[in-house]
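We give structure tokens for two forms of one protein chain below, kept apart as structure 1 and structure 2.
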Structure 1
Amino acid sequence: MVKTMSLFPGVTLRCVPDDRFKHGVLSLQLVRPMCREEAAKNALLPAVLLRGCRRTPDLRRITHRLDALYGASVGTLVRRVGDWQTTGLYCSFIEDHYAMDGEEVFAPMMALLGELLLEPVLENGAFSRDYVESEKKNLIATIASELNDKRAYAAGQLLKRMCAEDPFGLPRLGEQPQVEAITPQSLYSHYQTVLRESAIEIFYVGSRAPEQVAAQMETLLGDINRNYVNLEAQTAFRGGAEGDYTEVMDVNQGKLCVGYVTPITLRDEGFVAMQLLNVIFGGGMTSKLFVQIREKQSLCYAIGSGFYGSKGILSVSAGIDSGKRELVLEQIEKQLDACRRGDITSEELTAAKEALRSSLRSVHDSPGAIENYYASRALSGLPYTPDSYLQAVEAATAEQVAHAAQSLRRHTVYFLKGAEQ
């Protein structure tokens, strides 16, 4: 059970008390509207903050402090949740009662977190130039590395074209030109705005009482000069020009991506049926796409689907021979039409339900998995508790799944093919 506490205007603490683990985790996320002007800055900011603070101004000394706290860790956290992007830090640490001789770990860990967040290394009233330039290179390399994973690249290009008028089409880490334009001064100015105006989401998983965590966080954040600005509510898919796009690149295998839209999002009653539809249609090795198109007809090397519940977008991705593009498109539509007609066996429905049950059970396997699930759920507005979600999965019928399939409309096709194909 998540206990939610409002510490200050726009500052929310959510705690999941759990004494099964030796380690606890705490994330602190500053929530921003996803936009092209900010995305790269938000992605770069926590990496620069993590390079050093006034008391421990370099990575070596930060590592020594963490080693003294039984090998605790702190890392960057950048997420895209629907219309929002988060930027912040994530900590993992041993719980106090596992430390030797009554030694405290949580309090000094939170002190370090506060120093990294609020006391960065500055030069001439801005961030350290060396730190900013070094982390810019790292971020640009990460963004560029997407080109090495052609399937991920093609999926990103599909969303970029589908969501040309929606912030969901922006890459989570921003784009290289925006990273290159960042200066120590512009990033520091943005940092001040982020601290002052953003919603702050804190999530803790561990055995410490929520009231103790709240007291520590109030001390850590109480002196920030805040002027909180309310975030606009999450929205469904905002639309964009439909199209059929082909890009030529030096690849051996074509990548076909098809994007569908639906009014059903994770905030709607039909969400569970749509999740089941995704599993039955293309979400695994028992799905119609995999069995019918890959296994029986050998028309592709790999194929699958995914559902972005925050926006109501279902995408299909396939690795194919370029000459089979039209045939594979035809077969994808044929399998979706089967779902629309209710051509769903009891075995398919049972397997899909078990897949969702298994996925939810794995949420509670580690503190990190718990934080990721519940923090993202809170930000995206998913109304289901785990128990109510399981009840909805069990109660879902093939007719409801077919109704979800009927709501899907093809919006965009993106095809990445080789130069000589």
Structure 2
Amino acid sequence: MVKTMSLFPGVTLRCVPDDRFKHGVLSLQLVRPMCREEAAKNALLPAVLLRGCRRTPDLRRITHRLDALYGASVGTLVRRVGDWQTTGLYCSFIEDHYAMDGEEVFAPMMALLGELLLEPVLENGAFSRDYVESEKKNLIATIASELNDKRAYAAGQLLKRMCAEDPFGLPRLGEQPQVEAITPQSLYSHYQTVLRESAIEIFYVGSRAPEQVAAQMETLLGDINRNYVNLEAQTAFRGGAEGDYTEVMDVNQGKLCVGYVTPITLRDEGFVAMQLLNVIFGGGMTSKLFVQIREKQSLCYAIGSGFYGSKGILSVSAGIDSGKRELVLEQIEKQLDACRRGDITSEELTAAKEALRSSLRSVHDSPGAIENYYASRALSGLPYTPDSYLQAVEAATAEQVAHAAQSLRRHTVYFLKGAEQ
């Protein structure tokens, strides 16, 4: 299914050849350690690169080139995968044979990608000051605008507090003071380091033969002066003080977030059981949290849980009346206790297994989902192939799920408190 090729030391191309789609995608990610010193720079870098390259030094003319390629797109790509952060570009483009006037799309698209990545606009041996300053302002605004979505904001505040001593607590796009400190020189020198030393992960989904894509990429990247440095391995949750935090804001609805930790990560034996637990406990419209707290007690509209497999953190989030914090918290614990006791019906277990199987099968039906699944899997070190994963799901028992629940320890509560009804 995935064809993996090593192009140069530390440069890997992964291809999923598939001719069922009307469009293809290609991502190029440089893999960095997630740390306060780098996070803001890694987030800013692709935004500055997208402002212009030597041949096409402004946004508008780049858009013209993309428009001529049937509205192809190239965007920033900044992901967090456990202890790592990636920085890079993401391209999406129609397959050549759908070009109504018969032109090529893929080759010119790759040429543009290469120019954006490797031929930035320079001034006095650094990035353009205008580009850097204006993208700094945009990045600061984007970081600040997390506040606009209260659910995401609350989830971010929970992680920040839980992971005070783990890079997982750093926001994906870095923090404002670090963005402000960036200069055109410091970013350019970071760019050179990143290109020279980072692992480069390229992922392609589309109708082209992997060898063809490899040849194209070798030409594109062959001239980079490389000195590849291995990254440190991913680690489990490193702890930090437990706590119970309340932040008051003038909002209509409170947001309650509860963070649990477990020694089980996606690299461990119990991972699949933990994923099943997450589905049964809080993963959708049939979960215990949804049925018991929303449907039976009308205490909320949105409630659910998510499991961060790379760290072993399970978080619960609920939008509630601010006067009902204690009641909802108690109910969440009660549902988790039920799981710990093994109070799991065979219907719940079967449905959870079916949900995991179905979501894996659906991955293969969209280029974006394929890219996201396999690129993340490769970086996070998930030790399963799709087949061995399906077998593990099949084999998991209710006892193992209960065991996964027992391994969870409540670590931090964060409450965004608003008006009480």
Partner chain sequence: MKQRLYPELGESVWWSRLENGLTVAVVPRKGFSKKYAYLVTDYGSIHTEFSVDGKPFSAPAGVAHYLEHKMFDLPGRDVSEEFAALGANVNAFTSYDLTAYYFSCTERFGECLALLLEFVATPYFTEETVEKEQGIIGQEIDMTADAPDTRVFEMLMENMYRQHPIRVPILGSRDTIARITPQVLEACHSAFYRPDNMMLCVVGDVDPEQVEAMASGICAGKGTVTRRDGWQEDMTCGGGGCEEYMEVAMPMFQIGFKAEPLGKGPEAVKQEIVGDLAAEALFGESSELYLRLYEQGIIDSSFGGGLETVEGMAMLTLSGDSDHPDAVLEAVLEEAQRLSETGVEEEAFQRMKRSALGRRLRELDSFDSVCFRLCAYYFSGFDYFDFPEVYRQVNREDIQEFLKRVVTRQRCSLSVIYPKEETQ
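Residue positions are counted from 1 along structure 1's sequence. By rigid core we mean the largest C-alpha set that fits within 1.5 Å across both forms. What you see is a predicted model; the values in this text were computed from it and never measured.
- Between the two isolated copies of the chain, the form predicted on its own corresponds to structure 1.
- Relative to the superposed core, residue 98 undergoes a Cα shift of 2 Å or more between the two structures.
- Superposition on the rigid core between the two structures places the CA atom of residue 302 2 Å or more away from its counterpart.
- Relative to the superposed core, residue 324 shifts its CA atom by 2 Å or more between the two structures.
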